[in-house]
Ligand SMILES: Cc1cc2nc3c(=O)[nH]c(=O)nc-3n(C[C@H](O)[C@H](O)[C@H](O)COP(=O)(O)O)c2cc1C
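Okay, so here's just one chain, in structure tokens, the form predicted alone.
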Amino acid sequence: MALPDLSVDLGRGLVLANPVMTASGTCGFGEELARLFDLRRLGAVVIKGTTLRPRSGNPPPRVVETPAGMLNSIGLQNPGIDQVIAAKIPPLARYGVTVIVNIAGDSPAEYQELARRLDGVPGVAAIELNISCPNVDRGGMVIGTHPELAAETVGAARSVTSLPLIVKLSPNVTDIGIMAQAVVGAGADAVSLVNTFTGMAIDVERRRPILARGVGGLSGPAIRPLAVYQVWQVFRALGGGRGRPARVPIIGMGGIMNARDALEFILAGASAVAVGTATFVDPWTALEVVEGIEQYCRRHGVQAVRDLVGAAQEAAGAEVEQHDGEQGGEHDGE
């Protein structure tokens, strides 16, 4: 049979060769991975969170391993947008890979200025608005937990750039579907989810939190079932189901370690996926996920990966709809 079509359309002209990208904050500015394999074999590289001014990040210790995952409290360490545009994007763009810039700010005005500076920069294919980082004291998750403020932030960025806007959502909310609807209504071309869950680890001998900041963002396989369910919820909140696509594409992430994990997100409603924590374990993981998805499509006679998006929604039918209304309780990061 012919090779399966792995291409995905994320809106506003952003078409990826395949649905696998790196998650922001897990591969620096891409050059480390470029030493290992051809970055063009990935759908896209999302570079680490970038702010208006340089940030040194949080004091150490700021990473701790946990069962089936890790907590990080990096604090958006980066050289600032001017240095990223001048020194980080050009060499990455020369590799011929699709580059998505993740940006973070303390206010809608800062996000607007970041988007303005990136508009028209050669090699930048899209912007990801990180409104969900749990590891900073201002901006970040504060914006990502208030629908009105999130919508204002997206609208501010939308007003100054023609680049595709992806909005990264926080799982640390009561209803992630409401957040998705708010940012899409304000002009988001796609949403990515989920960022990390807020968590903590305590040194029982010293009787104090291990991370210097106290709390951090939990990522890794421990969060995957939670993340898959939130993708499922957002797909429905954005009108997906019964053969209908969601209003905008969804990028799923959270504990993807192999192709089967990635396919869970796609079947739940994600058009693309991002590999993050697994890269620290095996830097070839994202590439192996691409190859695994292609093999799955061949094995099952799937002609195009987009045909799998939300397929599990149809299989589940009304039964899951009933359970969706019976959940008790409530429910990134750099």
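Start at 1 and count along the sequence shown; that's the residue number. What you see is a predicted model; the values in this text were computed from it and never measured.
The form predicted in complex with the ligand exists for this protein as well; it is not shown, and the discussion that follows is about that form.
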Checklist entry - Looking at 230, 98, 172, 72, which has any heavy atom no more than 4.5 Å from the ligand in the predicted bound form? => result 72
Checklist entry - Tell me, which of 76, 263, 184, 165 has a heavy atom within 4.5 angstroms of the ligand in the predicted bound form? => result 76
Checklist entry - Do residue 254 and the ligand share at least one heavy atom pair within 4.5 Å in the predicted bound form? => result yes
Next on the checklist: Under a 4.5 Å heavy atom criterion, is residue 153 part of the interface with the ligand in the predicted bound form?
Outcome noted: no
Checklist entry - Can residue 296 be called a contact residue for the ligand in the predicted bound form at 4.5 Å between heavy atoms? => result no
Next on the checklist: Is it the case that residue 223, even though its partner is missing from this view, gets within 4.5 Å of the ligand in the predicted bound form, heavy atoms only?
Outcome noted: yes
Next on the checklist: Heavy atoms within 4.5 Å of the ligand in the predicted bound form: which stretch in 288 to 296, 37 to 45, 272 to 280, 303 to 311 meets that?
Outcome noted: 272 to 280
Checklist entry - Can you name the residues of 77 to 111 that have a heavy atom within 4.5 Å of the ligand in the predicted bound form? => result 102
